[in-house]
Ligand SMILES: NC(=O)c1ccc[n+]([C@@H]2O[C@H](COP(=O)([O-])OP(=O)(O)OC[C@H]3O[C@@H](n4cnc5c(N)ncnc54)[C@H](O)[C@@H]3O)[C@@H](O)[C@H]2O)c1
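Consider the single chain below, provided in structure tokens and representing the form predicted on its own.
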């Protein structure tokens, strides 16, 4: 069994997503499990270097993770030949410039979404990678969530018959920061810093819809800034300039209609922070991050509208929980392992920066729809 050590530049790793999902729940567990096994018998051993602007934060993170290669100078990491992969988990506004540097240094690229603040920039990064012969990918983590995998299996098994609609509810109350600390960073609420829920979440809904239900053909989107003023990390009040809620309807290939409510100004009374209800001619399902419940045609109740009497049907009784039929790993870790095998062993990895550009395109079209108060078509991105 041959071990293949591969250097990975983790830029922006001191941020919330970089620390939690990519370092502590992905790269560190991969190292501790002894690497990633390839089909040819080789084992990939990640050798990460932590990159950030704050040396003290890096030192604390090194002590937490057991990874002591670190630097506050990105160029130093890019100049090391053994660092073959560049990963970016910085804020959206900083991503494009540093990804360009990494491409120029000949590194394979893997990065968080949104890939960029504009589809033009996102597509350029893909073009630069293609021209340089570099492998590339974008984080599309929700495809590996247990709830989404269970939905996909139901679709593959023909459970739904003809799917007619998808309804997504995402979000939770993000506190303003005055009496209770906010759960999200303040840049999320500043348009000038590439904040906003449309840019953030429509990138997610693009790959979920494209991969599970059908390509997105058109969008009608209304955004809103419901909370006008928040408190930043230093306790200073600031005006919110970015949208904190989005109400979007999508037309998909095959006639499926999807609607997603995305909000950081909503209190949760549902199974999870994200739920998808899929309705079909033969059955329906409701999936959260981990669980999925189904109701077949034969198990569907026959309600009659009568508001003058208490509702005689408990509508939750007619749903069955999908059992655990396979093992589920952390969604971010699962995609990391696939990307590492793609780089080292050329195994398939369709979630390229082109797919990331499609997500940014949908966000842009959502914002265009909001501005025009009209449906907007989604043209196919063709790259040759």
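Numbering follows the first chain given and starts at 1. Since this is a predicted model, take the numbers as computed values, not measurements.
Beyond what is shown, the protein has a form predicted in complex with this ligand; the following relates to that form.
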item	value
Listed range touching this ligand, judged in the predicted bound form by heavy atoms within 4.5 Å, from 109 to 117, 218 to 226, 293 to 301, 124 to 132	109 to 117
Residue 17, heavy atom within 4.5 angstroms of this ligand in the predicted bound form	yes
In the predicted bound form, residue 185 touching this ligand (heavy atom, 4.5 Å)	yes
Proximity of residue 91 to this ligand in the predicted bound form, heavy atoms at 4.5 Å	yes
Partner contact for residue 53 in the predicted bound form: this ligand, 4.5 angstroms, heavy atom	yes
The unique member of 77, 276, 139, 248 whose heavy atoms fall within 4.5 Å of this ligand in the predicted bound form	139
Candidate from 271, 169, 200, 176 lying within 4.5 Å of this ligand in the predicted bound form - any heavy atom	200
